[in-house]
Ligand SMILES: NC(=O)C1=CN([C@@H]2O[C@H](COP(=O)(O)OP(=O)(O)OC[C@H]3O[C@@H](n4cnc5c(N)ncnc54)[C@H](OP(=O)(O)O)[C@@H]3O)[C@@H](O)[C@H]2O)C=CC1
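Okay, here we've got a single chain as structure tokens, the form predicted on its own, with questions on binding and movement later.
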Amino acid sequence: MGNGTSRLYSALAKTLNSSAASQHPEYLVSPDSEHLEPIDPKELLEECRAVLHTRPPRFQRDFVDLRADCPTSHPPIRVMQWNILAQALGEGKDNFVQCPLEALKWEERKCLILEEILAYEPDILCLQEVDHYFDTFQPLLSRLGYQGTFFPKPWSPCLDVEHNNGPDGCALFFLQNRFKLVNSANIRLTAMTVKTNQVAIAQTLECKESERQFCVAVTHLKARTGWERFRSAQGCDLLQNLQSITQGAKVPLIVCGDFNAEPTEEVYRHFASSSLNLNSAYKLLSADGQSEPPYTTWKIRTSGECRHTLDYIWYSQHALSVTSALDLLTEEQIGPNRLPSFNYPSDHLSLVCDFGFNEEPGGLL
């Protein structure tokens, strides 16, 4: 921060007490932050960059224009999907052998995460592995105009790490000046009728400009090889819930998540063939429009190097169109030590898409 701490950052620092989550054992009650003054996002971005002044600059990623010649009268809806890497897991469990511990320091890593969010200015933000909701993301993003919801895992592995900051879970944020919340559901996913440790949030929003409604959902399915059938069952449960929430696809749908599943897995096929008529947005970046990216996560652990496509943004292709998508980092940008790193805060890449409503919805809400 140079020779002194700015008045803005000094005020923000008071909201970033790392012990805050431990004072909220229920983890579900948001603290009242309406009394806090709004933050200018450009000022906050500059503050983040000041904290990060000794680190390499943020990677340049470009949006790919995917518009067909169908102009819309309303601004697009920008959706960001990102597994941000739980701090407790990054430092205490994930064994990123090529990543220096210094690169994982929360005081700087949180600024890298915020910088990424602020740079792309999403209208809707879907996050996984959030374990600093109450002391970082909720107080800061609420002052940027977002309304947030957090749903932790019932038995978060973060709680096994000494000096943890509470459980990790999914978080969903939307800009209050663009959307009105119609309804919200926290879903604890089941597999073969058994309640599991994985969760989802589904919210129906109404666009204030167009008065069109749509549902956005965020989830994080079970990890690791050998759990493919389990993930498949979780996906079926989520689809069943979303079928009900969207009234059988009458309400357009966007589903973001770390599915922990390659496109070859059964859970992927369930979503691709669902009666909800979903398509995967990032397929549109491929030459034929039918292939997922080669990777959305790339890391080196003690068990070896892992490069996988696990993260997706699904959408109702009958009601919504993807007008642009943020390109992925190249192998050269990622570098030989892979992710996370001093350059990039997570082992997963953020996905960002712009959506527009199709002009002839065919009777959809």
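When you see a residue number, it is the position in the sequence shown, counting from 1. Source: prediction; values computed, not measured.
Below: the form predicted in complex with the named molecule, not depicted.
Remark: none of the three candidate residues (F63, T309 and D354) comes within 4.5 Å of the named molecule in the predicted complex, counting heavy atoms only. Although the partner is absent here, N165 lies well away from the named molecule in the predicted complex, with no heavy atom inside 4.5 Å.
Not displayed here, the named molecule is kept clear of T136 by more than 4.5 Å at the level of heavy atoms in the predicted complex. Under a 4.5 angstroms non-hydrogen atom cutoff, the named molecule in the predicted complex lacks T219 among its neighbouring residues. Contact annotation for K93: at least one heavy atom lies within 4.5 Å of the named molecule in the predicted complex.
The partner is absent here; in the predicted complex, the one residue of H132, R78, K153, K110 having a heavy atom within 4.5 Å of the named molecule is K153. The partner is absent here, but in the predicted complex a heavy atom of D258, alone among E115, D258, E292, D123, sits within 4.5 Å of the named molecule. Per the 4.5 Å heavy atom criterion, the named molecule in the predicted complex is contacted by stretch 196-204, the sole one of 262-270, 138-146, 238-246, 196-204. In the predicted complex, D347, H348 are the residues of 323-350 with at least one heavy atom within 4.5 Å of the named molecule, listed from first to last.
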